[in-house]
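Only one chain is included here, represented as structure tokens and corresponding to the form predicted alone.
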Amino acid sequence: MDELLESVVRGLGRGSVYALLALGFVIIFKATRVISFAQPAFMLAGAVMVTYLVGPLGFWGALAAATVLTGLLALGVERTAVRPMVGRPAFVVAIITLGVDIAVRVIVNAYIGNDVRQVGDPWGLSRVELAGLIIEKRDVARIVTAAVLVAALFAYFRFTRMGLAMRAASYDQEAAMAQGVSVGGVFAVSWAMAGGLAAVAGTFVAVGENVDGLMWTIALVALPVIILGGLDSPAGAVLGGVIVGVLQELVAGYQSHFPWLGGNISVITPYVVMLIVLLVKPYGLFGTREVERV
């Protein structure tokens, strides 16, 4: 039983990272109705920034600075590459974001160089005993950080003027504009938020690990997460991230009991979940069902 619960806690830590990445996808989609494929590049860029800043600023200072800088990077991308495409088909804009992702990763890889870089681990891979369970402190940090950010975001959407504007624009952009909402400002804030969330997620992925040019592939797991939770549901993104993270850890921990499945079955678990959800509930657990009349 202890082994099971420890796997669940590790899954919550992993799922917290997925939730932050998925939230970035959802925030942009709700604002623009476009899936941004630039999130993996922002995740890698944020982690690489932390590797350069962690020395002079410490871990938390470097994380804060990298979050702001990556948010500004995402804002710059929105202003220069995405804003001119407003009014074009969503597919065209999505392809533009894919090109942005490749371009940003090429530039970031130049700062990684031929070797890997280190974010470091302020907890030194240390563990803590909680209710008889042995838990890594970095998993606790991931869970707590994600919980604080998610709570802050939901409070922002609920109680601030810009948050209300973002919610209004996500329902009907034309009606929001008629009420004086700056839809362009909503787009900009959405991209900046998504970039900052990607930087935080990338940093916590890299804690205690190496930062290399392939780290961005972890962000692809956010796609099954948002399919599971619903493309336009922030709450679904959080719940979907937790579910996928826990399932991955459980499968990784118990796959030895099912040798006929082969090795590393946990790697494809998110995509198996995605296929099942698409077959059973295409709009996800909390996604808005769209009905078109002809």
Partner chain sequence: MLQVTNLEVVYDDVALVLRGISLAVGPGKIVALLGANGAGKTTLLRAITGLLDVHDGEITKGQITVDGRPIPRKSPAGIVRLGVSQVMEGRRIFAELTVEENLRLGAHLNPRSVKENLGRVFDLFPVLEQRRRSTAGYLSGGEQQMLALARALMAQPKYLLLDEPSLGLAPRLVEQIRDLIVAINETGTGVLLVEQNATMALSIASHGYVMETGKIVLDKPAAELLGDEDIREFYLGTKSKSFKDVKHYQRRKRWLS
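Numbering follows the first chain given and starts at 1. Fair warning: this is a prediction, and the values are worked out from it, not measured in the lab.
This protein has a second form, the form predicted together with the partner chain, left out of what is shown; the following refers to that one.
Comparing 161-169, 139-147, 75-83, 90-98 against the partner chain in the model of the complex, the single stretch with non-hydrogen atoms within 4.5 angstroms of it is 161-169. Proximity of Met177 to the partner chain in the model of the complex falls within the 4.5 Å heavy atom cutoff.
Using a 4.5 Å cutoff between non-hydrogen atoms, Met193 does not count as a contact of the partner chain in the model of the complex. Contact check for Val181: a non-hydrogen atom falls within 4.5 Å of the partner chain in the model of the complex.
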